[in-house]
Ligand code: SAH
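Only one chain comes next, encoded as structure tokens, the form predicted alone.
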């Protein structure tokens, strides 16, 4: 294994141990190194005083702890922090492939709870939802498992993480091998339980049915956005031709197999998918299913034809679902003055 960062070596314990021994360390020093970084969150070699100095000095020369660089960041008034992280391009080592990672502090009193970390899984996105900035430049490549791990380590350096949502840039089910590998390490060594991690997908039915029996280390959220097939073909182009009922049936299978309820995500686009007909039809489709709905008022994106709905319209939509017996909550996005829409910071950087 030819690694370029310490985080990459964490996925091959034998290679990590061999690397430490080649620098004058002992096998148990590899375990200490894992505990220092993954367990304790120590992000510089100088602070790893339980390792021999010669080992630290040698690693410092050859192995940065993370493979990524922070290229830009923005911090909102509520301390939501969005990072633009650059990973070396496999095709051009002088260029960086960029993704966004967002650290969202809890609104509870300081010290009572950690933050939620929003993590990306691909460089760009192939789904190309027209209201989302993430897919405007298409898909460049999948992230490797260590590049997904890097985002957790970079986010934890900002502050404690108590939850994670895999709903940044990219479609996780189209890079599932790396996503699964990274999340299992995060679950086992960073200590985030499966019920503290939510993976968001547009809901490829065959992939959901394949993943469900594998005891996945996460909760599932499916981005639905409309109850009408023809409209979903427009709003989620990558799923064109896939009936919504097939996706819902795959969600039912997920619950039956894992015992975990589905969250259906619904971005409310003012004047597009927020009508009474949309709400009542969605309520009928979901009635009796073990699920809940997360309503997300649209975040403004530059040059977008879509609008953010008014607060009273959002509440009317939520109330209609509740009347149909569907549990629904509203997630007003944080950090709106700080490029809150997914992919916005990356898009602005590319434009610059």
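Since the structure is predicted, the reported quantities are computational estimates derived from the model, not experimental observations. Residue numbers count along the first chain shown, from 1.
Form predicted together with the ligand: not shown, discussed below.
Peer 1: Based on heavy atom distances of 4.5 Å or less, which listed stretch (210 to 218, 126 to 134, 178 to 186, 247 to 255) is in contact with the ligand in the predicted bound form?
Peer 2: Contact criterion met by 126 to 134 only.
Peer 1: Taking heavy atoms and a 4.5 Å cut-off, does residue 309 contact the ligand in the predicted bound form?
Peer 2: Residue 309: no, not in contact with the ligand in the predicted bound form.
Peer 1: Taking any heavy atom pair closer than or equal to 4.5 Å as contact, tell me whether residue 298 reaches the ligand in the predicted bound form.
Peer 2: Taking the distances in the predicted bound form, the answer for residue 298 is yes, it comes within 4.5 Å of the ligand.
Peer 1: Taking 4.5 angstroms as the cut-off for heavy atoms, does residue 100 touch the ligand in the predicted bound form?
Peer 2: No, residue 100 is distant from the partner.
Peer 1: Does any part of residue 225 reach within 4.5 Å of the ligand in the predicted bound form? Heavy atoms only, please.
Peer 2: Yes - in the predicted bound form, heavy atoms of residue 225 and the ligand come within 4.5 Å of each other.
Peer 1: Looking at 167, 239, 144, 154 here, can you tell me which has any non-hydrogen atom within 4.5 angstroms of the ligand in the predicted bound form?
Peer 2: Looking at the other structure, the residue within range turns out to be 167.
Peer 1: Give me the residue from 282, 267, 262, 85 that has a heavy atom within 4.5 Å of the ligand in the predicted bound form.
Peer 2: Among 282, 267, 262, 85, a heavy atom within 4.5 Å of the ligand in the predicted bound form occurs only for 267.
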